[in-house]
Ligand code: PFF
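One chain follows as C-alpha cells, the form predicted alone.
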C-alpha cells in the first residue's frame, strides 16, 4: 500500500495544496464577521499571535502524524500507536469531523454559486440598494434554489477529488490559489476606494484594547484553528502525501503565513465595503452576502460596467475559496474509504456526495421550511457549525498534540522534524517546537474550550 500511495509533486505543490485547504471560507466568509463580532483590530492582532505561536505547532504535529504513518487519518493514529484501542477509536473523529463540516460548507458554497450567477446576469446592478441588501434573507429562506445550488457545488467539488491527488487536488490548487490571491487583491483595491471605506480601514488598524476579553482570545485562537483546517483530519491526510524529502517546517510555515496573509487581505477587502454600506460589522454569518451586493448596487447607479465586473470577480473568488476548503474535507473521507473499505476512488466520492448532500439539504432547509426545527435552540445549520467549531475541532486538535508530544517517542518526532538529522536549522529549532507542541499547545486548546463554555 505504502509504495503505491500518491504523493504531492514537490514543495510548491505541498504548500499550494495545504494552503488550499487552509485558505478558503474560513478566511473570506468567516474571518470578516468574526472580526466584526469580536473587537476589530484587537481581534486581528490576537489572531496573528495565536496563528504563529499556537496554531503552527499544532499544524506541524498533524503533518508529522500524516507523513510518519503514510496512511489515511483514521489509521494514522492506530498505526503509530501500535493499534492501541483508545487511539484507534479516536482516529474515527478525523473522519466524522470533516464530513460534518462539508455538509454545511457546501451549503455556503451553493450560496456563492447563486450569487455568482446573479452577478453574471447583472442582477445586483439593477436592484435598488436596499433590495440588494435584503436579497440574502429571501434567497436562503426559499426551498429549492439553495438546495439545488448546494448539490451543484458539492457535485463539482467531488468531481475534482475523484481526479486523484496529482491530477485532481494538486492541479486544482496550482491554478486556484494564485487566481484567488489576484481576485482578492483586485477586490481590496476597489473596496478601499469607496466613500466611507476609511472607517473600515481604521477599524482593522487601530485596536481598541478595551475590547479585549478572555473570550476575544478564545475566539481568535478558535478562528485560527478553523482557518488552518486544524482538528479536521485534512492536514493529517495531506501530510500523508508529503514526501520524506520535504522540509515540513518550511512547508507548514509557508502554509500558515499564506493563510494569515489571505485572511488580512480578505478583511481589508470586506470590512471597508461593510462600513461604506453602513452595515453593522457584527452582522454574523451573512455579512458578506448582505453587505457586498449593497455596494455593487450602489456603485451600479454611476459605474454599471465596473460594478458588474467587480461583482462577478468577487463571487467567483468566494466559489474558489469555498471549493479549496471543501476539497480537503472530502478527501479525508475518500482516502479512508479507498484504503479501509477497498472502494474505488470514484465510488468513495459518490458515497461522500450522498452523505454530505443529504445532510446538507437539511442544513439548507433550516433557513426556510425547517427553521422551527431546533436542537438546544439552534437550527440544523447552526448546530453543525457550533458542535464542530466549539467541541469537535478543539478535541481533535488536543488529541493530535497530546499524541505527538506525549505518545510518540521523542526520537520519532525529532526524526520527522529534522528529516533524520539532515536539516541543521530544524535541528536547532527542535527543542522550542517540541516544547510548544508538548506543553503550550495543549494548555491553549484546553483554555479555549473552557472559555467557550464558561464565559
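Just so it is clear, the structure is predicted and the values come from calculations on it, not from any experiment. Positions refer to the first chain, counted from 1.
Here the subject shifts to the form predicted together with 4-fluoro-L-phenylalanine, a form of this protein not shown in this document.
Trainee: In the model of the complex, is there a heavy atom of 4-fluoro-L-phenylalanine that lies within 4.5 Å of any heavy atom of residue 227, even though the partner is absent here?
Mentor: Residue 227: yes, in contact with 4-fluoro-L-phenylalanine in the model of the complex.
Trainee: Does any heavy atom of residue 290 come within 4.5 Å of a heavy atom of 4-fluoro-L-phenylalanine in the model of the complex?
Mentor: The answer is no: residue 290 has no heavy atom within 4.5 Å of 4-fluoro-L-phenylalanine.
Trainee: So, in the model of the complex, is residue 55 in contact with 4-fluoro-L-phenylalanine at a 4.5 angstroms heavy atom limit?
Mentor: Result no; residue 55 lies far from 4-fluoro-L-phenylalanine in the model of the complex.
Trainee: Looking at the partner-bound form in the model of the complex, is residue 25 within 4.5 Å of 4-fluoro-L-phenylalanine by any heavy atom?
Mentor: Flag for residue 25 set to yes.
Trainee: Would you mind picking the one in 314, 77, 124, 105 that has a heavy atom within 4.5 Å of 4-fluoro-L-phenylalanine in the model of the complex?
Mentor: It is 105 that has a heavy atom within 4.5 Å of the partner.
Trainee: Just to confirm, with a 4.5 Å cut-off on non-hydrogen atoms, which of 271, 356, 295, 234 contacts 4-fluoro-L-phenylalanine in the model of the complex?
Mentor: By the 4.5 Å criterion, the partner-contacting residue is 234.
Trainee: For the chain shown here without its partner, which stretch in 97 to 105, 136 to 144, 338 to 346, 184 to 192 has non-hydrogen atoms within 4.5 angstroms of 4-fluoro-L-phenylalanine in the model of the complex?
Mentor: That would be stretch 97 to 105.
Trainee: Determine the residues of 322 to 337 with a heavy atom within 4.5 Å of 4-fluoro-L-phenylalanine in the model of the complex and present them in sequence order; the list may be empty.
Mentor: 325, 328, 329, in sequence order.
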